[in-house]
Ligand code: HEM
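A single chain comes next, written as structure tokens; it is the form predicted alone.
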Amino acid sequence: MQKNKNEVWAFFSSVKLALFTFFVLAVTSIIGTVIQQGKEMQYYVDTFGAGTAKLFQLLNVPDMYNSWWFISLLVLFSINLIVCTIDRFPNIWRLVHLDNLAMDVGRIVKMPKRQAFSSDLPVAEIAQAVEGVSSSWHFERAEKDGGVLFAAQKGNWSRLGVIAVHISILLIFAGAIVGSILGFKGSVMIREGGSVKQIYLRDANNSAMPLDFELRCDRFELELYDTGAPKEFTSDLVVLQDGKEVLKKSIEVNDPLQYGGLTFYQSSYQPLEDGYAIEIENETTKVSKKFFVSPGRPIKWAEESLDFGITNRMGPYAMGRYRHKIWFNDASQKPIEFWTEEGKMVIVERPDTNYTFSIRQLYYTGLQVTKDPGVWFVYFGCAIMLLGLYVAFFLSHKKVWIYISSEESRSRLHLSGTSNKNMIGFENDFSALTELLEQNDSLKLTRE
């Protein structure tokens, strides 16, 4: 059965189907953006009510982009694009490879965009002179209807731009589907100074998934505005493989760590209750060390013969920070006590040397973890789409003909042309070619 008589083929090649599926995908994508994804079901019950939350659960709205119906829409749109492309490709390919010398002379001399010239020179001499005209057009020649026909074209491959756009959309959809089937999303919280060997998936059971490596957080930095709102937060992460450090990176929002096919994004943080990091440096020897401490628990730095600890705290004050009372002893004289604020450095003066001392709140760093094997399909598809859109919108298929014939004892030269778009640009090209022919003394043309 012919394609134009096949109802199934006609349905899947329909532009109306493409518009419908595209509209539905756009609307559902907006819904998926407005309704937060990946939350616990109780969140949807509290926010939208029990009935709506049950409907959300039935339609898998909390994980909409991985739901069966959303993927089905992508598949339907992909089939529609494939069939449309197959259906229209033969005609596009024919236009790309069309023999412009086969054009009927009667159509050429009646085109809307044309210019006629006359000359006293014979047809053969004019044709020879035209071949010698240097221009950006590369003409082909043929004897036709008692005259000589020249044809040239530019940008014939630009008609394939729409095909490139179709292919790019299919690649992006393929990447989305591959990522949905073979990829996953998860999260993990790591205490500063701690490490993890597993993450927790975003599924109904919040399942734990072991890692093939160990991830450690050496430091977490939080910068606040004067109002106390978070300005920036970064994590110094270290990847350990078989106990050996193989990668270090400081990550922040939109600058993730990638390793082992996984991407770790900085997404949140949480203060560690009664957990603090104390950093001490001997100003004479420049030896320094970081300690993780809790109030009321003494700490010993054996190499420096130091003992210290947090004995009291007051606050919170501005931006939720506390003042801490520190007990300090280096065995050189009697122990001392002093107050210090979080994030501030103090100098502890002792008989043999001075120490710099600072204390700050410890945090858990919250990381979002993703594995998306389809992301390279998406990147490649986006590159193809940019190229295809540029070709489709900014390049055009331009064609010109020159027909030279003998009429009433004089030779006549007809210059005609057409373009599938960007008529202003074609006007400039056509005018330039017209002037080139008219100003060529060897042709001796007179404009009619």
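Numbers follow the displayed sequence, beginning with 1. Remember, it's a predicted structure, so these values are computed and weren't measured experimentally.
This protein has a second form, the form predicted in complex with this ligand, left out of what is shown; the following refers to that one.
Enquirer: Spot the stretch among 135-143, 280-288, 159-167, 340-348 with residues whose non-hydrogen atoms come within 4.5 Å of this ligand in the predicted bound form.
Expert: Only one stretch qualifies here: 159-167.
Enquirer: Let me know the one among Ile326, Leu262, Ala151, Leu81 whose heavy atoms come within 4.5 Å of this ligand in the predicted bound form, would you?
Expert: Comparing distances to this ligand in the predicted bound form, the residue within 4.5 Å is Leu81.
Enquirer: State the residue from Met41, Ala392, Met64, Cys382 whose non-hydrogen atoms include one within 4.5 Å of this ligand in the predicted bound form.
Expert: Among Met41, Ala392, Met64, Cys382, a heavy atom within 4.5 Å of this ligand in the predicted bound form occurs only for Ala392.
Enquirer: Taking this ligand as it sits in the predicted bound form, is Ser14 in contact with it (heavy atom to heavy atom, 4.5 Å or less)?
Expert: Ser14 belongs to the contact set for this ligand.
Enquirer: Report yes if any heavy atom of Lys54 sits within 4.5 Å of a heavy atom of this ligand in the predicted bound form; otherwise report no.
Expert: Looking in the predicted bound form, residue contacts with this ligand do not include Lys54, since no heavy atom lies within 4.5 Å.
Enquirer: In the predicted bound form, is there a heavy atom of this ligand that lies within 4.5 Å of any heavy atom of Phe22, even though the partner is absent here?
Expert: Answer yes; at least one heavy atom of Phe22 falls within 4.5 Å of this ligand in the predicted bound form.
Enquirer: Does the 4.5 Å heavy atom contact test between Phe77 and this ligand in the predicted bound form come out positive?
Expert: Result yes; Phe77 sits at the interface with this ligand in the predicted bound form.
Enquirer: Decide if the three candidate residues Met103, Arg114 and Arg410 all line this ligand in the predicted bound form, where lining means a heavy atom within 4.5 Å.
Expert: Answer is no for this spot.
Enquirer: Which of the residues spanning 416-447 lie within 4.5 Å of this ligand in the predicted bound form, based on heavy atoms?
Expert: Result: Lys421 alone.
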